[in-house]
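In what follows, one protein chain appears twice in different forms, each by itself as structure tokens: structure 1 and structure 2.
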Structure 1
Amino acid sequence: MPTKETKPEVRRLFTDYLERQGHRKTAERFAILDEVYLSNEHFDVDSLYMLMKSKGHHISRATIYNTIELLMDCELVTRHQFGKNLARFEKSYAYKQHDHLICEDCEHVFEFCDPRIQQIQSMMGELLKFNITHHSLNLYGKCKELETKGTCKHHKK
């Protein structure tokens, strides 16, 4: 789990990336980086926009989209699609590779890790002559607790 200590490191990575690419180090970009690294949840652009707005920031959605693009490019943020037509993101620094299990009832997202997925990835790269850069594995289902009791600790309907 990344802790608050990682933050100067993350800011440094972003700063270096921006300098390397000849991009400007704007206050907005760092405000967004900070906000993204403050929480451990997956988020979508609109929630982040709303959250930052509620905290008194005056940053447009366009800037958030732009900045997330940069953050993905320097691998500080990862993009996911959990079935809906809404892109979800998460900070990715110091997170070891993991995949997701999505509850189809309460939409809660659990994380897990299995080394076999890396093996499949390398084997398929070999077999199909591909340089595989990344993957996305989502498992979908229902929490057994939810199915039997009709509710679970993550359910909030």
Structure 2
Amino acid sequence: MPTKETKPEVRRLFTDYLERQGHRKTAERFAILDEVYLSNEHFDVDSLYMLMKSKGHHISRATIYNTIELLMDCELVTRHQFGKNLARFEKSYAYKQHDHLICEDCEHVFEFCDPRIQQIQSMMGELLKFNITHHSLNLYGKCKELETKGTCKHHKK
């Protein structure tokens, strides 16, 4: 779980990465990093772009795309493909392994963590003589709130 020390640590890791790779350390790149780490949701590039524009940042979609690529390369952001053709991202530093439930109606992504999945991963690694480093589990369905009430707080109107 992240602590209040996460932001400076993430900024330090990103700075070190940019220096090692010979990339410029721009204010825009760090503004994007900060917005990503302020969020507790999965996001796509367009929603991040609109959020940053609404906060007065003068930044292009191309800069966001390029910065997200850098953040993925230095393992500060993880990319997910939850069906359809829209990539979603989430911060990944200091966050434990978790899995996802994706509503097919409202497209909201719910996170969950169940130690039994980790046990299955360990058991399968031993059984198959395979060193499993991580996993990704996405379960798709329909959230009960939308099914029973006809609407939910996540549903896009």
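Residue indices: 1-based, along structure 1. This is a predicted model, so every value here is computed, not measured. If you superpose the two forms and keep the largest set of C-alpha atoms that fall within 1.5 Å, you have the rigid core.
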item	value
Chain form predicted alone, by structure number	2
Whole-degree angle by which the smaller rigid part turns once the larger is superposed between structure 1 and structure 2	20
Per-residue Cα shift, E107, between structure 1 and structure 2 [Å; core superposed]	2.3
Distance the CA of Q121 travels between structure 1 and structure 2 [rigid core superposed, Å]	6.1
